[in-house]
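This document starts with two versions of one protein chain, written out as structure tokens and named structure 1 and structure 2.
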Structure 1
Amino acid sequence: MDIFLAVGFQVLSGIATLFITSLGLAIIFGMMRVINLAHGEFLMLGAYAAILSARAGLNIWLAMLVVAPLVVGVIGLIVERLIIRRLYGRMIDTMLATWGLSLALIGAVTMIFGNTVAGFSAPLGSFAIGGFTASAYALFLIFAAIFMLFGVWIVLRFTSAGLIARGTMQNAEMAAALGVAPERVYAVTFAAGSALSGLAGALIAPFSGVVPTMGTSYIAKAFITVITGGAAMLAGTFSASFLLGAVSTFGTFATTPVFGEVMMLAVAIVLLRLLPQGITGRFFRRAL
């Protein structure tokens, strides 16, 4: 019995991690159509921000939940002003530019902080599920993912800022005609997406090897998740994380970690063959 609970918990935790690390990309790529190949590096910057401020003596919760998103949000704002705003509507060009940005960020962080930064271990300890133990921090990640899901949903659905952002992404000229400055909306949305990536990086920091190149381990899965999710950004990312996270975790349990990864990719490919517009191209079409 406890084995089912333990597996169930791991599945949830796998889904949560996938969702957390994809959400920032979902906003920048899913909503703004900017192919952000520097998404992995935004995660890395979040992790670095959290670790460095925690090492400077800040409470680690403050470092993870406040400092990291703020820092990466500001970096996102700068990046948007300097690079991205010149490239809206030119998808391939954004891909090249952000790829360059990704290399530059890895290089810059390596130069400034070196390739080795002492991280912090996961807080909260562990808890028992029958004969198994699991990390309490993984439980926290599951709640964090739920909180982020509803947080973003509430902002997009019930606030005027969310409404304006969605409207501008759909039709910038109409929004401008109604007195909204699309430029500013783009900038803020990009910064918000970056901030979420930064928060994600900080959240996974206690669970991962924080090195300048860590982003490369996450970016491919984040893109696969967002693309599999399709047009409706939140519902898509959530349903894709759910499906792919579950497949990969169950696959790992049933076979080996290698086949777990393979199954996840196979499911993503089959899904995109059947539903080229992603999950939300067919289901939950009216969702956010």
Structure 2
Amino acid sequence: MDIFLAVGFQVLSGIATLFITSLGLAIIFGMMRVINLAHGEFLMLGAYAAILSARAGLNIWLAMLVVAPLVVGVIGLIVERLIIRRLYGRMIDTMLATWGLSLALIGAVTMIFGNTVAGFSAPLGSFAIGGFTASAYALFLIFAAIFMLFGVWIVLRFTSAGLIARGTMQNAEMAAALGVAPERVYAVTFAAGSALSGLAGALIAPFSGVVPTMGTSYIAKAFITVITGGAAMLAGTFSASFLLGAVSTFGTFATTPVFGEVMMLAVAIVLLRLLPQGITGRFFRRAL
């Protein structure tokens, strides 16, 4: 019985990690239709922001939960102003621009910090599941994923800022006629998605270790998750994270981590073959 509880906990942890690392991308792609190939590097910048803040003496929780999203949110705002704003509606151009940005960020961070692995120990210690030991920080990640899911849903569903953002993305001309500045909404939305990516990078840093190329480990899985989820941004990302995260974790336990990721990719391919518009193209169509 203990082994099933321990494996179940690890599955939930894998689902939470996949959702956390995909949410920022889901905001930017789902609302703005911008393919941000620098998403992995935004994760990396958030992780480095947290590490540097903690080394400077700041409380580790403030470093992860406050400093990292603020720093990466500001970087995202600058990127939107200087690059993305000129490329709306040109999907291939945004892919090329953000790919170039990702290479530039990797190169810059490598020159500054080198190629060595940085990081900090996971806080909160551990707890027992029968005869097994589990990380209490992994439990925190599960609750963090739940909080992020409902937090973003509440903002988009019930606040005026969320309603304005959704309305602008659906019909920018009508929003402008009603006195809303679409360019400001675009900038804030991109910055918010970037901030969530920075938060995700800081949250996973204690488990993953931090190197300039760490984003490459997450960008493909995040895109697979968002595309598999379909049009409904939150419901799709959560449902795809639940399915693919469970498959990957079970595959890892049964075989190896590499084969677990192969199984996740295979399930995503089959699912997209059966549901070309993603999970929420068939189910949860009216979900957010």
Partner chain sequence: MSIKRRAALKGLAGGLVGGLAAPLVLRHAALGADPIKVVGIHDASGGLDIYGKPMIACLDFAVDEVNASGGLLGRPVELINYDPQSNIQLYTQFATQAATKDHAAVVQGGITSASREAIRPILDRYRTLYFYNTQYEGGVCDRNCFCTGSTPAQNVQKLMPYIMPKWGKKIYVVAADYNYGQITSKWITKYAHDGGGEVVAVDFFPLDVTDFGPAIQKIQQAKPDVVISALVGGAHVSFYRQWAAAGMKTRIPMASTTFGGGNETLILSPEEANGIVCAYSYFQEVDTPANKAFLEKFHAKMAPNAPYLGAELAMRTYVGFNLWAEGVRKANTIERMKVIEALETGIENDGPPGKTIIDPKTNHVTLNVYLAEAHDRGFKVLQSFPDQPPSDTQMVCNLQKNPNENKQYIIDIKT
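Keep in mind that this is a model prediction, so the values were computed, not measured. Under this definition, the rigid core comprises the largest set of C-alpha atoms superposing within 1.5 Å between the forms. The first residue in the sequence of structure 1 is number 1, and each one after it adds one.
Participant: Quick check on the two chains I just loaded: which one is the form predicted alone, 1 or 2?
Facilitator: Of the two forms shown, it is structure 2 that corresponds to the form predicted alone, while structure 1 does not.
Participant: Core-aligned, is the CA shift for A254 between structure 1 and structure 2 2 angstroms or more?
Facilitator: Yes, its C-alpha moves 2 Å or more.
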